[in-house]
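Take a look at this single chain, the form predicted alone, given in structure tokens.
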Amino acid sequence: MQLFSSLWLWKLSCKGIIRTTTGQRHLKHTHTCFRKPQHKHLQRDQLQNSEDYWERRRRTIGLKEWDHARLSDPDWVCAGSAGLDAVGIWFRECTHDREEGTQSEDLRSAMGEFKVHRVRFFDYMPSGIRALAFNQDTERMAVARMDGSVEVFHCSDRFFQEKIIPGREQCGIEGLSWVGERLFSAGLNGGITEYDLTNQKVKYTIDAYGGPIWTITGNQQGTHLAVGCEDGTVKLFEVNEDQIQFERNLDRQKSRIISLSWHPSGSKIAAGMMDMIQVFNVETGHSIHRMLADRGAGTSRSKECVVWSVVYLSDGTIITGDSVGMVKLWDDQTGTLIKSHNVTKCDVLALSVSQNEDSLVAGTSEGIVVQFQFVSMVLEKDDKEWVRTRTFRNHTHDIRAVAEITTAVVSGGMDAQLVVRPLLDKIEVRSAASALRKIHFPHRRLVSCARKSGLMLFQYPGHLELWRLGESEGKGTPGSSLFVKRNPEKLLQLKVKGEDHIRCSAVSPCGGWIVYSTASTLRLYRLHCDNNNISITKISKLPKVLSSANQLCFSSDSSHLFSASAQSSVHIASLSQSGCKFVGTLKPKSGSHQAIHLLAASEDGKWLASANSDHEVHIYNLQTQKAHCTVPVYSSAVTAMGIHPATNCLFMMHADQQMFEYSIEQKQYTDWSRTVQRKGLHRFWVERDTPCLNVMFNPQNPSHVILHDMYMLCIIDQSLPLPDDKTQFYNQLTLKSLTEEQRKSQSHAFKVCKTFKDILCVELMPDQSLVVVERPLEDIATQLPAPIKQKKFAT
């Protein structure tokens, strides 16, 4: 349980902004005091510059630093506001920690009144990153995490996480390698795994019979894989069309093989071990060079030098990173050391070279990335050498993997964040690609909400938790604090049987059904709530087609379950007191085999929309159980979508931040959607670096669409004009200084709220309350292992 020392609440009215603050939060009482803001009178152009400045600053520094900066500045008093329309906007906010009190704040406007439940008892903990592999041809980045899961990001589509393959217990991964469009991994369990990327599951696993595997790499020709094993052997596997086949061993060594790298020609392999580097001739299998790694001055003789990473260049240069903190360059012809670079006092854990071999990056256990470039030291001279040029400090813990792609350096490690650091010298035009990007959470929803019963289902890798939201007493005035009448309550913890981790899960809107799926099984449970007594019953007899699912969804009346299966098909099952019965299967006309990652059902139970990894969106008529239409394919993946309850229009958000509204009945884009595409969206909106994860609609205001990503909550009013690049996007301060008539003319469709941070889920409940599930990065940092201690200046 974490107690917040203070909580900033914002009260906005048509007359101005009043900042309120609450004192320390205790279990039995809360205190609220009001004070007027002390801020300067700024001209409109100064306000524009001020807000633009803070938005630009948020993009260049971390979230924690940005929050501190914006709250410590006396002039920045609109941060976290939801925007101002002709009528004031108010929040009533209820903050729920496990056993704490509730505080509230009103939000009133033409969009209605919201009571915001800030949920922070979802203790989601992302797993650390262990390996990276970049596919230059497909622009895909594969990421292996310490829990055995594998993720695939589309680098040219804003680094959207388009595929997730869940891990298994006791299945750590040490290395990843692409061979063409096929992905392989190896780990300490001694097996080599190939993945079925179409259906997002393990295709097969074979034993290498060499003990734990420390590294895996494929040659550029795409014909062979090499793995380094605990028993000191480098094993070669031939890559066939159906699966890989063992070919032979290279000369066995006395110590384990830690790292491997192929020469681009495929004729030689460099292997990093304890205290040495070996160069093998692939054709003969014999070692042709043995190079001893220097342990460094002042190092104990009993301490081994571990060659953690090795890179083999086309000119015969071998580059190594070791546990002494050195990056060394070797000549493969003579087997001698060319040059050494002292990078750190700790370990150099990972190396990666660019496609044209003119840049090298090294990741260290201190959390820094060091770049080297192959440059000429004298102008107009051909003599070049490797020179240390840049140092990036974007991690707090060990960096276990780095990869240099076309225009950026990608790194990951123990702090579980995937950092994309752009190389500005390779970017010609400023765009979203030139911004620092940190990916903390999955681009999938881990929270499911039973809107009609106030229940929340939290998905962990190995279990599910069901919670009931708390309640506050009565209604208060704007800015008031409400005492908790009922604390949030954990009702159920459901553990997964077997070794597979959970792929997807859902709770029905009525709260009576819970379903989850792993890569091999699907489980459905009936939940019974009798006053304070909770019981759960497993549905033992399920239709055979419900063996596993990529995505799960219930109908709005909880009478049907939709299960996304292989080849973009969706199975329908009816639910009743007697059990589960198979109804039919929906198949797309396109014949796509890609897995479905999003499902959306209409409120009236007539329509179902699905989105797959081919960027296809199919709409089905549930009454006829046939395909109704297909939305025109867009170049960017769909990240969130929803069907409007009043108009039955499908609203879609894409990874490039574009939005579309499609009329299902008319089978065409709506007039509003065409206006958006014709006029374009504001650059501040398009340049956001995190995808939208949910689309909601307010039944009391049909023109309002509610969206959220990790950093903000946005309400789009389709009745207001769209802002252009000349319009002030974050315009709360400007609207505050205008009269009511002027405010109407200056208002635009986007109202952005940044009060909440590190958002995992936002849901609009039937009682017009908002549930905001947050997972503060500061809380995650406290659960990480301690980083390497570094001496600070003047300490």
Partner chain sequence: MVEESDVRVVRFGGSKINLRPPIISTDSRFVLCTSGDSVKVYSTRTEEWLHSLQGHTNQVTGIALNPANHLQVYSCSADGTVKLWDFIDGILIKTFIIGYPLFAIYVSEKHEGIVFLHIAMDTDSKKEGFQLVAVHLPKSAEQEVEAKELSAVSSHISPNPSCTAFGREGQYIAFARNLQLNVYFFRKQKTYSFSLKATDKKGAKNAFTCIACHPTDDCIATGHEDGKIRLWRNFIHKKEYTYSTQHWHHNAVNTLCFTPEGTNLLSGGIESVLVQWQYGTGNRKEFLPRLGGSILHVSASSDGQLFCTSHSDNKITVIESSFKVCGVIQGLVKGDAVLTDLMIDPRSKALVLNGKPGHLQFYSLLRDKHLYNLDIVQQEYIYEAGLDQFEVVKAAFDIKGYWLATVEERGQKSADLEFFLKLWSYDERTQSFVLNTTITAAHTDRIISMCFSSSEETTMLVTIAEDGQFKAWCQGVDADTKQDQNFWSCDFVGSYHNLKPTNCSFSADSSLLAVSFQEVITIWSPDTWELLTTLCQPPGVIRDLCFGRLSCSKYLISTTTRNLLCCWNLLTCALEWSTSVEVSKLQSDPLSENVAAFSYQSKHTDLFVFKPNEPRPLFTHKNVCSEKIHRAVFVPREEPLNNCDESSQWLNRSQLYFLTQNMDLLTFSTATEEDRMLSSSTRLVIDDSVAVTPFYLLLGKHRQQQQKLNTPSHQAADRPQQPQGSVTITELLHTPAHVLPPASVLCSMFVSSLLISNTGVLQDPLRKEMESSEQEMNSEKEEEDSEGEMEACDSQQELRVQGSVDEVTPKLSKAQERELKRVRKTDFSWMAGLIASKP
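Remember, predicted model here, so these are calculated numbers, not experimental data. Residue numbers count along the first chain shown, from 1.
Heads up, the form predicted together with its partner chain isn't pictured, but that's what we're talking about next.
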Practice item. Classify Thr389 as contacting or not contacting its partner chain in the model of the complex by the rule of any non-hydrogen atom within 4.5 angstroms, answering yes or no. Key: yes
Exercise for review: Determine whether any heavy atom of Ile427 comes within 4.5 Å of a heavy atom of its partner chain in the model of the complex, and answer yes or no.
Suggested key: yes
Review point. Heavy atom to heavy atom, is Thr585 within 4.5 Å of its partner chain in the model of the complex?
Key: no
Review point. Gln700: heavy atom within 4.5 Å of its partner chain in the model of the complex?
Key: no
Check your understanding: Picking from 335-343, 710-718, 680-688, 446-454, which part of the chain touches its partner chain in the model of the complex when contact means heavy atoms within 4.5 Å?
Key -> 335-343
**Study point:** Option touching its partner chain, based on a heavy atom within 4.5 Å in the model of the complex, out of Val378, Val633, Ala646, Leu292
**Key:** Val378
**Study point:** Heavy atom within 4.5 Å of its partner chain in the model of the complex - residue from Gln373, Thr670, Ser559, Ser434
**Key:** Gln373
